[in-house]
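Given next, in structure tokens, is a single chain: the form predicted alone.
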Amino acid sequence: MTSSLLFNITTFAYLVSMLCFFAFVASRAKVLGTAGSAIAFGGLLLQTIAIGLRWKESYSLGIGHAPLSNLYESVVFFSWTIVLIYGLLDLKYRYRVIGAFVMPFALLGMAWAQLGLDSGIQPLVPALQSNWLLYHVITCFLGYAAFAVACGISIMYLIREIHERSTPANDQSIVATFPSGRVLDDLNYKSIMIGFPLLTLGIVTGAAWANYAWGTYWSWDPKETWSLIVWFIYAAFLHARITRGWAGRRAAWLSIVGFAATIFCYLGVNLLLSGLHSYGG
């Protein structure tokens, strides 16, 4: 059994999970929501094993490093963190319908990694040969994953709000399966409250790593600049929420804008701009 085979099975599991969630939203059959969550957890377990296998395979090749060093490995890990954060949310709140808006992110990541990226295990460039790699990447991607979940929840909130403004109340509508607007707004806030300190820790560990690797904590590299932009967007979200009571539609839109900036920071900078982080592409 190889890591590549397990990653392919994981991708299929996430596809089936997403379809179960879609069917759950359409039919309101609780068994489909339960199946979607169970399959997502099964895929998460398989992906965890696959990541461990890939780590072992790198040692077998005489390279020996955590599978977090290139674009393929980071996309796979990003998908893993998204399902992990969603799983924790599901275990705590049991709002299975959220899976229909979060699992597509994980599936897209895995499908792109398996079909469009080079999956070869490569030696680390000198700048990456540090334990800071683990600390920095794990904290950043857990933060990104929490923002992805917040984005999915925000999309749900906006769909619910638009539907309630334009359509009379109907217990048989698809939107009737959604949690209330107040609950969605609260979950959006809680997800960002998880992601923001993790992103902050990721930026701090990145600065420490930069000082170790290049002798300076901050160099205004495009990745560093965009990380700061993302940090300011979510800091503005929390500030507006706490001091001005921002909630509802404005909070949902700001959450979506923040995740769009996060994706550009993660992928756009690596693929479109050059800088100290270009090796990530």
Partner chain sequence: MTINEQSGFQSLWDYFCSLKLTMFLLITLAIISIIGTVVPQGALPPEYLQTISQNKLKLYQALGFFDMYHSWWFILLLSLLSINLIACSIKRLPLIWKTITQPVVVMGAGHEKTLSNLTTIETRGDASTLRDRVAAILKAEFADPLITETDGAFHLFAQKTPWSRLAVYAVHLSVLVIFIGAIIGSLFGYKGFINIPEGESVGKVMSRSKNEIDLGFAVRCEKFSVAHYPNGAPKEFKSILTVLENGQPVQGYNRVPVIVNDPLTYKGITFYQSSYGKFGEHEFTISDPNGRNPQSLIIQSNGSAKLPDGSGICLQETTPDISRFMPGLSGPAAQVEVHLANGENKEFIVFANNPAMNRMNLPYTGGKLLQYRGGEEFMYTGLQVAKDPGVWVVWVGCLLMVVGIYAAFFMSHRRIWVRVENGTVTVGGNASKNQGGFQIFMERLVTKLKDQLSSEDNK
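Residue numbers count along the first chain shown, from 1. Computed from a predicted structure; not experimentally measured.
What comes next is about the form predicted in complex with its partner chain, which is not displayed.
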Within 4.5 Å of its partner chain in the predicted bound form - does that hold for a heavy atom of every one of 201, 220 and 238? yes
Taking any heavy atom pair closer than or equal to 4.5 Å as contact, tell me whether residue 225 reaches its partner chain in the predicted bound form. yes
How about residue 242: is it within 4.5 Å of its partner chain in the predicted bound form, going by heavy atoms? yes
Under a 4.5 Å heavy atom criterion, is residue 253 part of the interface with its partner chain in the predicted bound form? no
Find out whether any non-hydrogen atom of residue 233 is located within 4.5 angstroms of its partner chain in the predicted bound form, and reply yes or no. yes
Looking at 89, 75, 137, 128 here, can you tell me which has any non-hydrogen atom within 4.5 angstroms of its partner chain in the predicted bound form? 128
Within 4.5 Å of its partner chain in the predicted bound form, heavy atoms considered, which of 113, 187, 124, 84? 124
Which one, 155-163, 141-149, 206-214, 104-112, holds residues whose non-hydrogen atoms are within 4.5 Å of its partner chain in the predicted bound form? 206-214
